[in-house]
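Below sits a lone chain in structure tokens, taken as the form predicted on its own.
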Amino acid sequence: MSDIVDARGLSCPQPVLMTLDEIKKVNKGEIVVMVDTDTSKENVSRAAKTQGWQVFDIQPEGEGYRITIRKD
């Protein structure tokens, strides 16, 4: 079961901060982050990597993106 962060409709840095909060909560596993801009997609991916998480998948979804990040 993935944790989901829905940051659609929010501008940076809010999606990054929400993602970092979720990373701190779960420590490992899988998180799905929903964003709706290219900037948010890039910033969330970069922030996850700096925390030791792997960007597993990025899929276009509706008007935005579904980013799946993982850490074992």
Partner chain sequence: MSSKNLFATRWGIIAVGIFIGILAPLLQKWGNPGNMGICVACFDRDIAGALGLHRAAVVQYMRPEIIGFVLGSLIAAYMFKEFRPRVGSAAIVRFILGIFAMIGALVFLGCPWRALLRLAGGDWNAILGLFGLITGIWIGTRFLKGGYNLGRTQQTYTSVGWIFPLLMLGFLILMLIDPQVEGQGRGKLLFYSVKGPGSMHASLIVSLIVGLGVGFLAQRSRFCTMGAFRDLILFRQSHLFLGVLSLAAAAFATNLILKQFHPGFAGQPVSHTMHVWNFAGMTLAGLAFALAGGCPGRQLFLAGEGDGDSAVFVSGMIIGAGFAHNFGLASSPKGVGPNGIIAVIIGLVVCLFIGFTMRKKAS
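Residue numbers count along the first chain shown, from 1. All of these numbers come straight from a predicted model, not from anything done at the bench.
Below, we refer to the form predicted in complex with the partner chain, which is not included among the displayed structures.
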is_contact(N27, the partner chain) in the predicted complex, heavy atom dist at most 4.5 Å: no
Even though the partner isn't displayed, in the predicted complex is I31 close enough to the partner chain, meaning a heavy atom within 4.5 Å? no
Is there any non-hydrogen atom of L20 lying within 4.5 Å of the partner chain in the predicted complex? yes
Would R8 count as a contact of the partner chain in the predicted complex, using a 4.5 angstroms cut-off between non-hydrogen atoms? yes
Output the sequence-ordered list of residues from 40 to 65 with at least one heavy atom within 4.5 Å of the partner chain in the predicted complex. K41, E42, R46, A47, T50, I58, P60, E63, G64, Y65
